[in-house]
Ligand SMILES: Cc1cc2nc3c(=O)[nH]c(=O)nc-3n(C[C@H](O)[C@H](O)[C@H](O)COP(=O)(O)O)c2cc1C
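As structure tokens, one chain now follows by itself in the form predicted on its own.
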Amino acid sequence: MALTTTFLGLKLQSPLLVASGPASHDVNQVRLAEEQHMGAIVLKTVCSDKYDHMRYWPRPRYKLLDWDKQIGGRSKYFTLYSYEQGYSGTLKDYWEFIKACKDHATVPIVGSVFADVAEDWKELALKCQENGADAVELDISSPHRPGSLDFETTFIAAINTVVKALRVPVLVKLAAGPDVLQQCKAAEKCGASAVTLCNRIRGFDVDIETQQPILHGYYAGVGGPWAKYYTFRHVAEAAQSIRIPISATGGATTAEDVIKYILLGASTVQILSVIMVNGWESVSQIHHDLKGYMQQKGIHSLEEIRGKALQVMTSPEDIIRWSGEPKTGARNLWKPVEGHGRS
């Protein structure tokens, strides 16, 4: 029984990855992730010089909504509302950051980049590779990216260009939404090594006392345990339609969530919000419970159950639906419109 797995040719000690964000912004956090036996670390996203303003963060930039006040010592239900920007240092700082991570960590390090024109994406990704990154994730779906950037005209060109230029694996991080499955297919066609599903959703909240938008006064990214149900669906659909691996992210706070993602076809699961809200110790609990589940079910490797739930998924045509008259004694208070039957 082991949590080890292989992802994109990389040997991981756990299927858990640190998602790109405030928990992977400096070397000390990488050390903490290593101590918690994480499988890999996706570093904070670096932005091209064109988006230098994204290296400066508002204060405060986080707020917990719908928080359960840490029931049992750990918060299980919450919405993390945040205006998270890019890596706060210069490009040179980021390249040094990658090298420092490789010097101090034994787990794989994944660079994360954001730009607009294809050549800038390529330059950033190549520099990540040059400085030792084991893979590069293209963050094309940040909830804070400029709204003018279009998938068809901007990101397909970027994916194509980066994939052709790099020798290390390239992940494409996508956002939840009606187009995500088609974007998964497009990323695969462009040669992406994997897709990451799904980034946070852009949301909004207001304070009814002040009658103003909260925090910084603009839209923010929202995530938390509730988000997993959207991503479960996207992972399931993608796993049945593409052949490249899926790294799932969104709302995973417990071992149960991780197991569900794997049952739906994910190869790895990226976590972040649970670390920010409940601390790094939450990772130990997830690992402990994963091993407990495997022991209980007689599972030697999580690979044994990957996609298992999809194998028995029911098609809409095969769903058992009620037909006929109500049971004896039941009052039929609803009558169909003449000429229309029950559906």
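Residue numbers run from 1 along the displayed sequence. What you see is a predicted model; the values in this text were computed from it and never measured.
FYI, the form predicted in complex with the ligand isn't displayed, but the following is about it.
Scanning Asp120, Glu84, Asp134, Asp257 against the ligand in the model of the complex with a 4.5 Å heavy atom cut-off leaves one residue, Glu84. Of the candidates Met276, Leu302, Val283, Met54, Met276 is the one whose heavy atoms come within 4.5 Å of the ligand in the model of the complex; the others do not.
In the model of the complex, the ligand sits within 4.5 Å of a heavy atom belonging to Leu272. At a distance threshold of 4.5 angstroms between non-hydrogen atoms, Asn199 is in contact with the ligand in the model of the complex. Residue contact with the ligand in the model of the complex: Tyr293 places no heavy atom within 4.5 Å of it. Looking at Trp67, you'd find every heavy atom of it more than 4.5 angstroms from the ligand in the model of the complex. Of the candidate stretches 180-188, 152-160, 102-110, 245-253, only 245-253 has residues whose heavy atoms lie within 4.5 Å of the ligand in the model of the complex. Counting a residue when any of its non-hydrogen atoms is within 4.5 Å of the ligand in the model of the complex, the hits in 23-52 run Lys44, Thr45.
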